[in-house]
Every structure is written in structure tokens, then in C-alpha cells.
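What follows is a single chain, given as C-alpha cells, in the form predicted alone.
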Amino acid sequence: MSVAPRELESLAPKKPRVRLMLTCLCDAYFGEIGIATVKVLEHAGCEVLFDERQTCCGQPPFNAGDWDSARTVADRTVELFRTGEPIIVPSGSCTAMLREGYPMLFPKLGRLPAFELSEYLVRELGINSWPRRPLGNPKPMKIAFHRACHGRSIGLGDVQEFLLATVPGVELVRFDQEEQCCGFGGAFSATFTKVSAGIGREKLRNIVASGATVLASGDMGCLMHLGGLIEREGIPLKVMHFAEILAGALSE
């Protein structure tokens, strides 16, 4: 007995549908990270939905204590993303805003299904190695990974490093004061410029001493801050979001 094509299609496992939320920094400065995120999610078997009407999550006014302005901005995000599908964000900072900040702004809203990219891949999809097909001859890459502060509040732990460590050719190197903040802190970097830069330089000194050639992280604010210091001071480090490394491994 043969099965009709339409019946075969209905028997095939459905791709998980996810909604991609790009952050303001990704939209303004790091478009390549958004592209890498889509490649990673599609390789993981997801159907990626992207609404071009999305704007800021409202974190800047929220952190500044202007919750009325934060609600105005956050209302838009809730309107666009309250559809039921998982919301995937390539940033622990904005993920924390959706999961922890929004219940404070809107006590009756409930918790949005927001996930930072790596935690969705590992903890929701069960991916434990990357890429999901063999590589040829990958180029060795010595990576120092900076854990962004907001990752602690949403319980990321080492999930980003776990994925990176499975990529052939990647060597994660340890460095002193790994848990130290990079000094960005959003508006803090603009208000307390010298203190912010000093914290960042200390972080970079430890990373350079480790012998790493690449500085990776999961938050674009940290990458922008440290990347600016690296460029201005001629430090021999390449700055990458972990999604770019995962996406790059697909084309090796």
C-alpha cells in the first residue's frame, strides 16, 4: 500500500517555529550577528520567523528607573511577540529584560517564552555537539570567552562555552578574573567613561596574557565596549559573537 505525498508530508516531523528578536545593537552595529543567528537556528532545524516591525525591548529606560517610558517601549514588544512561539535572542541582556524585567513592568502579563540562543539550542532542542555534520579541516582557534553579567541572572552558566568547546578546531583558554565585568554596563560606560575603560583594559590584559587570539562573548554590548578598546589601543585580538563562530563552522 502506497502513501500519498500529502500523507507523507503530514508524517514528517514539523520544524519548531521560533521568533527571532534582534537587539538594538544588533540592528545598528552587528547585522552579521543576526545573519549568523538565523543560520545557526536553521541548521538546528528551526523555522525562523522575523517581524521587521520590532523595536527596542525597553531595557535602557528600565535600567535608568524610568519605568513609564520603559512600559511604552515594552508594550510594542509584547504586542509583536506574544504569539506563543519561543522568542530567541542572541543576547543574555535582552533575554533577561523579557524574562525578568517585563513581569515587573506588567505584573499580570506572565512570563514570555524568551530564550537566549545557546540555552534554547542546548536545553530546549537537546543539541550537545556542533556542527551537526562532520567538518573537513577546521582552522585552530584559541578563544577566550567573556561571560556577560546578565547571563548569571538568567542562569546560563557555561552553556555558551559548552557549545563552542564541541566545535572542531576550537580551544577555549582560561584567563585570570574570568567572572569580572567588562565595564560596559550600558549607560555606565557613557556616564563613568574612565572607570568603564579601566575595567575593560584590565579584562583585556588578562585575556591577552592567556595567549588567546579571539575574544568571544554572547552579548553585543560587551563586544562593542571591549572591541572599541581593542581597536583604539591596537590589541591583537579578534572580537566575535559565539553565534558567528557556530555559523562559521557550518561552512568549513
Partner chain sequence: MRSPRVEENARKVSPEATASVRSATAAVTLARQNALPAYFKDVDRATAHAAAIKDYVLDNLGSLLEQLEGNCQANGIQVHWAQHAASANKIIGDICARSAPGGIVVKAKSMATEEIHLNHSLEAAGFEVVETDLGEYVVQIDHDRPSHIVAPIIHKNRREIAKSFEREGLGPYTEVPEELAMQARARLREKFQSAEIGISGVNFAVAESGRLVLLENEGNNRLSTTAPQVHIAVMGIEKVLPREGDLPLFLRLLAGSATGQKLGSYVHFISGPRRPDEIDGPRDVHLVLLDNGRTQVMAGKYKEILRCIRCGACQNVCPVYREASGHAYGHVYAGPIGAVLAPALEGVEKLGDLAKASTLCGACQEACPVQIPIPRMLLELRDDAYRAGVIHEGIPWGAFAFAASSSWRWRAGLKMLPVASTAPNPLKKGWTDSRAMPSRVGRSFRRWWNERS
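All values reported here derive from a predicted model rather than from experimental measurement. Numbering follows the first chain given and starts at 1.
This protein has a second form, the form predicted together with its partner chain, left out of what is shown; the following refers to that one.
Listed stretches are 109-117, 162-170, 143-151, 84-92; the contact stretch with its partner chain in the model of the complex is 143-151, by a heavy atom cutoff of 4.5 Å.
For the chain shown alone, Arg76 is a contact residue for its partner chain in the model of the complex, at least one non-hydrogen atom being within 4.5 angstroms. Although the partner is absent here, Val48 sits close enough that one of its heavy atoms falls within 4.5 Å of its partner chain in the model of the complex. Its partner chain in the model of the complex comes within 4.5 Å of a heavy atom belonging to Cys56. Heavy atoms of Pro16 never reach within 4.5 Å of its partner chain in the model of the complex, leaving it off the interface. Of all the residues from 189-225, those having a non-hydrogen atom no more than 4.5 Å from its partner chain in the model of the complex are Ser189, Ala190, Thr191, Phe192, Thr193, Lys194, Val195, Ser196, Ala197, Gly198, Ile199, Arg201, Glu202, Arg205, Met224, His225.
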